[in-house]
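For this one, two forms of the same chain are given in structure tokens, first as structure 1 and then as structure 2.
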Structure 1
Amino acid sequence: MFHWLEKNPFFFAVGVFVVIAYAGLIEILPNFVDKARPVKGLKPYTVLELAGKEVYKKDNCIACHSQLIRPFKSETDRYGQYSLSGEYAYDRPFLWGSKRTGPDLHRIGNYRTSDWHANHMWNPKDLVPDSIMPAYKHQFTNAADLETAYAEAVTVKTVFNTPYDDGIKPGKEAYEARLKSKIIPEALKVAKATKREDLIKAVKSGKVPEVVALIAYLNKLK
């Protein structure tokens, strides 16, 4: 058998390829599967955080900010631990980005507070004098689209079996019940942390400003 293979280099090469490929699959695939699982302690997004993620996409934050820390000392020294694949297990879609006009935001929740975010979104230059980031004052008056975020959570949970805000159910009544019991209290907690009376008053009236949802999303990034 082996003498025959030695006399037929093509089949010998094919045999070597098959053996190496099989061994590689046995060694590599389980590791890929494990890395794709959520990291320990990672929780799915809440409806409020999903609404904030939509604001992040709508206002094109991804054009200037990445959410991917590479395993280089220069990056880990500035932004913290490099990003792990399992940290994106609940992201639909990924918001890695490809440009850094501003800093990477993947660990922003570890070192910025809700009140810092609120002041920064109102007027970036107040906190970072050299910033070229525009103000996003419209986020303080525009209402976050919570109903669409809720529908997304239901869809992703139903279709992809991803437990966004576990316990949600389809339907208008289910959404309104969740709005009162979970979403508004979570939004009020964020609003109070911003120390801005206008945001607190808005949430108490039943309206969640976009900036509150966005801050909830940014606080999630750790």
Structure 2
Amino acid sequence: MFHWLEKNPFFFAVGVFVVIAYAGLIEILPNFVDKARPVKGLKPYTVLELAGKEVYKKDNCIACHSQLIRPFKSETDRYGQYSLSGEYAYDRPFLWGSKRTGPDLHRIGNYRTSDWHANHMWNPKDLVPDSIMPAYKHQFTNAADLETAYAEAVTVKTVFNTPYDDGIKPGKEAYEARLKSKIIPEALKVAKATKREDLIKAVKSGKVPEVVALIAYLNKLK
């Protein structure tokens, strides 16, 4: 009754496919209905925060930092309220990470300030003498890619109905307008909070350093 398996590559391949595909179908699909719902009051990332998320991705922070607080007392004591599914509704991709060489960052915005972050990214050892995290000085000179972040906001608004205001729309002009009206002022606020003259000066000249965007993103994590 099974003799066809050894000799007919077509039926064999179909058999393998059915066996491996059904697990995915049953396991994953039904959960899509539920899991994309945001928790109440969750706001999508601003363009500056998205640019910061891009820095987080580019320098691959998930190699050492998780964004997932598990429901244990030892974790909630250390990091705060355990993570809820709906909090990640605007994370594309998710950034849970799989390794904690450094601490969890899911609620870092609750207990670290902008100037702490700026000093820490400049040289972690200044604040935590035993730290093994490298310094990210290049983030102070590289400009954040606000344009791509803006493109991302437009895309998720168009495709996934992420609730952005009407100022987010396709095209260079809309971007330039948004840059002046919203993004630069927001960046300036963050830069001032870092208390670093070089960052304030850079933002005032219209160039937002990567670290400013990154701090805006980290402050949003709470």
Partner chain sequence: MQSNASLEYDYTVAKWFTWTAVIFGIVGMTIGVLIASQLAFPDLNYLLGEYGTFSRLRPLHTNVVIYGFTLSGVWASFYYSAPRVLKVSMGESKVVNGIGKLHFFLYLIAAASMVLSLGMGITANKEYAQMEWPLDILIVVIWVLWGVAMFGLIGLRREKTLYISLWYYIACFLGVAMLYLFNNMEVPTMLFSGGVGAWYHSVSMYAGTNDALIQWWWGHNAVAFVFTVPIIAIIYYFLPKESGQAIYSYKLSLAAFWGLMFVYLWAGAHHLIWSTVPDWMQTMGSVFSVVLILPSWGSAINMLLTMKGEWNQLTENPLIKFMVLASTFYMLSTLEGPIQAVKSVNAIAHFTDWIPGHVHDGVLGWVAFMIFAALMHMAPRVFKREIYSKSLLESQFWIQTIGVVLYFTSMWIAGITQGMMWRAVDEYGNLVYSFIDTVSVLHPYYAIRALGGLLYLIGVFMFAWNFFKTATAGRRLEQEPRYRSPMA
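Heads up, when I say rigid core I mean the largest set of C-alphas that superpose within 1.5 Å between the two forms. Counting starts at 1 and follows the sequence of structure 1. Here the structure is a predicted model, which means the values were calculated and not measured.
The form predicted alone is represented by structure 1; structure 2 is the other form. A movement of the C-alpha atom of Asp165 reaching 2 angstroms or beyond is seen between structures 1 and 2 when the two forms are aligned on their rigid core.
Put the two forms on the same core and the Cα of Gly206 is off by less than 2 Å between structures 1 and 2.
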